[in-house]
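Before any questions on how it binds or moves, here is one chain, the form predicted on its own, in C-alpha cells.
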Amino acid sequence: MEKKTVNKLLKMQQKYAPVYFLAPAMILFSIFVIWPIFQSIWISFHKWDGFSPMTWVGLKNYRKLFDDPRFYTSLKNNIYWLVFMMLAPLVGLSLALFLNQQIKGMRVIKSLFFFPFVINLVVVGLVFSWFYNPDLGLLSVLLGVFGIEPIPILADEKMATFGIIIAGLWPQTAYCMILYLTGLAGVNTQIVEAGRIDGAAGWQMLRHVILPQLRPATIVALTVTVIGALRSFDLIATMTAGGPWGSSYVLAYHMYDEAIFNFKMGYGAALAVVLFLIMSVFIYFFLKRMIDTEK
C-alpha cells in the first residue's frame, strides 16, 4: 500500500476514533434514557390503563394536576427535601475537613463515616424506621432519659416528611464527605504555603485558599444532592409508603402510585414530565456552571 494511502487512513482513523468509542454509550443512552423520555411525554397526552388501547386526551392530564391536592402536597414536600438536603454538602465539608487531619487512628474513624454511603437506601429506611419506633426504638429510649414521652414521628402528618429527610441526609452527607475528601487530596500545597506566608489562617485560609480549589467538588456535590432530593423515592416507599394520609408524598412516589396502583399511566406520565422539567432547570444551571468553571 502506498505511503500516501496509509497516511490518509491514519488521519481518518484519528478523526473518527471518538465516534467509535462514544457510539456504544450513546446508543445505550438513547435506548434507555432519551427514548423513555419522549415515550413518557407521548403517554402523558393519553388516557391509558397500561392494557387497553390509548385514548388521546390532549392536555387533560396536565389540567388535572392543578385540581389534585396530592400534587400540591408532593410539590411542597419536594421543596422541603430540596432545602433540607442542602445541609448534606455543608456537613460533608465539615466532616471532610475534620477527617483530613493526620492523627493516629484517623483511618478507623474515616471507615466509620464511610459506612452510611455503602448501605442500600432500603436498609437505611428500615434502620430509621426501627430508630423512630415509639415502642421499641432507640429514639424513645433517649427521650425517656429526659422524661419526654415517645414521639410517633412516622405516624404524624406534620413530622413524617422531616423524619424521612433526616434518614436521607445520613447517606447523602457521607457521599458529599467522600467528594470533599477527594478534593482535599488534590489541594495545591504550594498555594496553601503561600497563603500561610501572607498571614492567612483559620477561616481566611478556608475561604480564600481551600474553598476555591474545592469548587469542582462543590459543584458535583450540589448537583448530585439536588437530583437526589428531587427523585427521592426509596426511603418514602420503605418508611411510610406515602402516609400517613398521603402527607409524605413526593412527585416521584405520587407518579409511581398513580401509574402502578391506580392504573393511570397517562396521569403518572404527566407527573413524570413535570418532575423532569423541574430537574432539567437545575441540571442546566449546574452543567452551565461546570462548563464555565472548566473554561
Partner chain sequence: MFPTPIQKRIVPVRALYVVGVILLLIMWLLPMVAIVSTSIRPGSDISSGNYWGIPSRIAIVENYSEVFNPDRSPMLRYFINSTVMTLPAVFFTILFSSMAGFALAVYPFKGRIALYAMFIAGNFIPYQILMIPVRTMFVKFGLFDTIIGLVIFHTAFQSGFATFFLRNFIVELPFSLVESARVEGATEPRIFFSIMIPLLRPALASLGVLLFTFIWNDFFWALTLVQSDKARPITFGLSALKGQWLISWNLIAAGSVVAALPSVVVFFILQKQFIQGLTFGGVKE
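Basically, rigid core = biggest C-alpha set you can superpose within 1.5 Å across the two forms. Worth saying up front: this structure is predicted, and the values here are computed from it rather than measured. Residue numbers count along the first chain shown, from 1.
Below, we turn to the form predicted together with the partner chain, even though it does not appear here.
query = Which residue among 206, 143, 194, 222 has a heavy atom within 4.5 angstroms of the partner chain in the model of the complex?
reply = Selected residue: 206.
ask   = Which one, 122, 159, 75, 90, lies within 4.5 Å of the partner chain in the model of the complex by heavy atoms?
value = Only one option qualifies, and that one is 122.
message = Is residue 136 part of the interface with the partner chain in the model of the complex - any heavy atom within 4.5 Å?
response = Looking in the model of the complex, residue contacts with the partner chain include residue 136, since a heavy atom lies within 4.5 Å.
inquiry  = Just checking whether residue 237 would be counted as a contact of the partner chain in the model of the complex - the rule being heavy atoms within 4.5 angstroms.
reply    = Residue 237: contacts the partner chain in the model of the complex.
inquiry  = Considering non-hydrogen atoms and a 4.5 Å limit, does the partner chain approach residue 25 in the model of the complex?
reply    = Because a heavy atom of residue 25 falls inside 4.5 Å of the partner chain in the model of the complex, the answer is yes.
request  = Indicate whether the partner chain has at least one heavy atom within 4.5 Å of a heavy atom of residue 256 in the model of the complex.
outcome  = Within the cut-off, so yes.
key: Partner contacts in the model of the complex for 84-112 (non-hydrogen atom within 4.5 angstroms of the partner chain)   = Sequence-ordered list: 95, 97, 98, 99, 100, 101, 102, 103, 106, 109, 111, 112.
query = Honestly, after the rigid core fit, is residue 207 moving at least 2 Å at Cα between the shown form and the other one?
reply = No, the C-alpha position differs by under 2 Å between the shown form and the other one.
query = Does residue 33 move its CA by 2 angstroms or more between the shown form and the other one when the core is aligned?
reply = After core superposition, the displacement of the residue 33 C-alpha between the shown form and the other one reaches the 2 Å mark, so yes.
query = After a core superposition, would you say residue 276 shifts its C-alpha by at least 2 Å between the shown form and the other one?
reply = The answer is no; the displacement is under 2 Å.
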